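Coming up is one lone chain in structure tokens, specifically the form predicted on its own.
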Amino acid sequence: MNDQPVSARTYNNVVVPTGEKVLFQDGDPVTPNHPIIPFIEGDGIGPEISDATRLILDKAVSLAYGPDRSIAWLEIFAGDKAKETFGKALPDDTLEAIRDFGVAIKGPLGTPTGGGMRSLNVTLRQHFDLYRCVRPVRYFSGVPSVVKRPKDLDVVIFRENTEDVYAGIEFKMGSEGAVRLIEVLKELGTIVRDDTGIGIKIQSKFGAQRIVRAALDYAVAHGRTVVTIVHKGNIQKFTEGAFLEWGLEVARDEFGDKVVFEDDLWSKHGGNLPEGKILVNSRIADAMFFELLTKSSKFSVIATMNLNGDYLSDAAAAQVGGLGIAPGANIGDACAIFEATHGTAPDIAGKGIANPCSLLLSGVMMLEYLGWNEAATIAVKAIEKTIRAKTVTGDLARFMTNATALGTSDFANAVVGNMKALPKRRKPVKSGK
């Protein structure tokens, strides 16, 4: 960490606002009253939804805590804006700011498909070892959905974020690396065509166990009663199958007094989960897609590998209204980045009509992560009230009857207008008074 005083430091020529750094202890944030939070606007619709998000979060914090707490926002740069201004899509100062201040929030960043630069999102996750991609998926009353019972779905997906095919170990067809690997595979008895591009799937025991541990810790802390390990171990036995094996090992060895395994649920408990226990079960990935759609209420916390988690997160979001209201976070033991889960939507960029809810709800996750639950609750209640009133952005309004389509900033103002401070808790009256 940079030893220079916060007040004297700049990042990409931006002066740091007055505030304090978020520190970490045993993997958890220690939040000061006025944390400095770096933000990346993002590409495409990023600037519009970023402005709306900060407006709403600031108001929620103000209503919850008055002047005692506030966020000191620090703009940092990545993507198109960074490349235009500094000549690099991901400047060194941006990485340093995230490392120094620990918690950041970002809008969507574009990445070319099939070639060009590597995904900035993947780069950030691997650079800071943000091994937990956490995606809570729930229904907001009034949001249009393609399924009959969207409210049945309330899951939190823990996706391993640094390994699997997303590790980016790839070799183009005809490259030296591809040719050498094909030769090695032939020596090992596996015939691969010469005109083959190669990607390597990796999964470590360490990576598998820490994501399953995080999912179980979350279930314990939040009173969730089912943790499902999703895998494709029937086909890929030494990566996906090992993920299941290692995950069950963590559950047995570290949470044995808190969990019941699916095999024991009927044989030992008559199909009834004992009070205070967590059911640990597993599903093959393709079956999981079917059951998540048809038996949504049976799932609560999901732990899975990187590619499965990517697919499942978006599929789950589709059931409750789409990525426009799906938040996400990438969390490590000394850093966390909260982000919009959708793309840059270049076709509507600059028109002021984008839905900010994905980034906004990611900001709510950030408040909860910081321990500012009162502010998070105020923001969520206001979002719910705004949606129930059918005052929403156009992407949602066109699927509603008698809805009012608002632009991005007007929607943000509507949410702010629906905010109310939480009732003050009465202090217990002492006996004799």
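In this text, residue numbers run from 1 along the sequence as written. Keep in mind it's a predicted model, so treat the numbers as computed, not measured.
This next part talks about the form predicted together with a small molecule, which is not shown.
A.B. asks: Is there a non-hydrogen atom of residue 110 within 4.5 angstroms of a non-hydrogen atom of the small molecule in the predicted complex?
C.D. replies: Flag for residue 110 set to yes.
A.B. asks: Flag residue 335 as yes or no: does it have a non-hydrogen atom within 4.5 angstroms of any non-hydrogen atom of the small molecule in the predicted complex?
C.D. replies: No, residue 335 stays farther than 4.5 Å from the small molecule in the predicted complex.
A.B. asks: If we define contact as a non-hydrogen atom of the residue within 4.5 angstroms of the partner, is residue 159 a contact of the small molecule in the predicted complex?
C.D. replies: The answer is no: residue 159 has no heavy atom within 4.5 Å of the small molecule.
A.B. asks: If we define contact as a non-hydrogen atom of the residue within 4.5 angstroms of the partner, is residue 279 a contact of the small molecule in the predicted complex?
C.D. replies: Result no; residue 279 lies far from the small molecule in the predicted complex.
A.B. asks: Tell me, which of 352, 144, 241, 343 has a heavy atom within 4.5 angstroms of the small molecule in the predicted complex?
C.D. replies: Contact check passes for 343.
A.B. asks: Scan 348, 72, 181, 273 and let me know which has any heavy atom within 4.5 Å of the small molecule in the predicted complex.
C.D. replies: Spelling it out, the residue with a heavy atom inside the cut-off is 348.
A.B. asks: What stretch, of 92-100, 280-288, 352-360, 195-203, brings heavy atoms to within 4.5 Å of the small molecule in the predicted complex?
C.D. replies: Contact criterion met by 352-360 only.
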